[in-house]
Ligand code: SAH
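Next up: a single chain in structure tokens, the form predicted alone.
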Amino acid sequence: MNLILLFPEDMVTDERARITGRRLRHVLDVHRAGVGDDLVVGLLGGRIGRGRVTRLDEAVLDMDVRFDRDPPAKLPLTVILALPRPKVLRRVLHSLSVMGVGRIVLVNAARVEKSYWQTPFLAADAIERQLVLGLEQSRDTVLPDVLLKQRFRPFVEDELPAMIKGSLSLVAHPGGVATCPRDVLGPATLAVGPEGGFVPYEIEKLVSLGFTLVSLGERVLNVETAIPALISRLF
């Protein structure tokens, strides 16, 4: 935890915060802070600053806080991700949050198992937990937007055209005809399929909207490996 993320309910006043639970344990066990020490803090959705510990015991941590700088800018990137296996989902959400992706769309696809949509990891609080852990890791305070789209065709036909307007639109696909571009300067949309990729029908629908098929080379990568590699190349 490189940043203690504070929530509105943690704020006793505008300049004083109190935390308990998981974050308190991390300060005690990892930071090993004491009264008078400074910690990096950030207010969810707001600014970053310093928190000076004024009280610390096994039950509670009080600190005087001052927020004096903005969080890092989000990447101008939307990731459209075919819903992965539940355990993979948690790790991928964490990675996307760490890397500063602005919007995440979890979408159904032909090769996505129907049971994946029943996982408790898709509950709003479970998604937020992984995103929060990513913010704490990367010293950010702004949660990515997360959308769930269980019907591929209506999403692609009715919502995606407006979503990708003005952006470079790419589909990461095994055997993609183009190499993934580097150092994109403007907004981008990256679609990543399930293990095995999107089926031909899905590819045709995306290409018809202006998506370009790209790859990272001859190797077929799993989702957890492909996403960080693609994002680091794009930005």
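What you are looking at is a predicted structure, and each value in this text was computed from that prediction instead of being measured. We number the residues from 1 along the sequence you see.
Form predicted together with the ligand: not shown, discussed below.
- Each of V214, R219 and A226 places at least one heavy atom within 4.5 Å of the ligand in the predicted complex.
- Exactly one listed residue, out of G196, G45, P181, P187, brings a non-hydrogen atom to within 4.5 Å of the ligand in the predicted complex: G196.
- Between the ligand and the residues L206, V41, L61, A172, the one pair within 4.5 Å by heavy atoms in the predicted complex involves A172.
- In the predicted complex, none of the heavy atoms of L168 sits within 4.5 Å of a heavy atom of the ligand.
- Under a 4.5 angstroms non-hydrogen atom cutoff, the ligand in the predicted complex has V192 among its neighbouring residues.
- Look at 62-70, 196-204, 31-39, 48-56: in the predicted complex, residues with non-hydrogen atoms within 4.5 angstroms of the ligand sit in 196-204.
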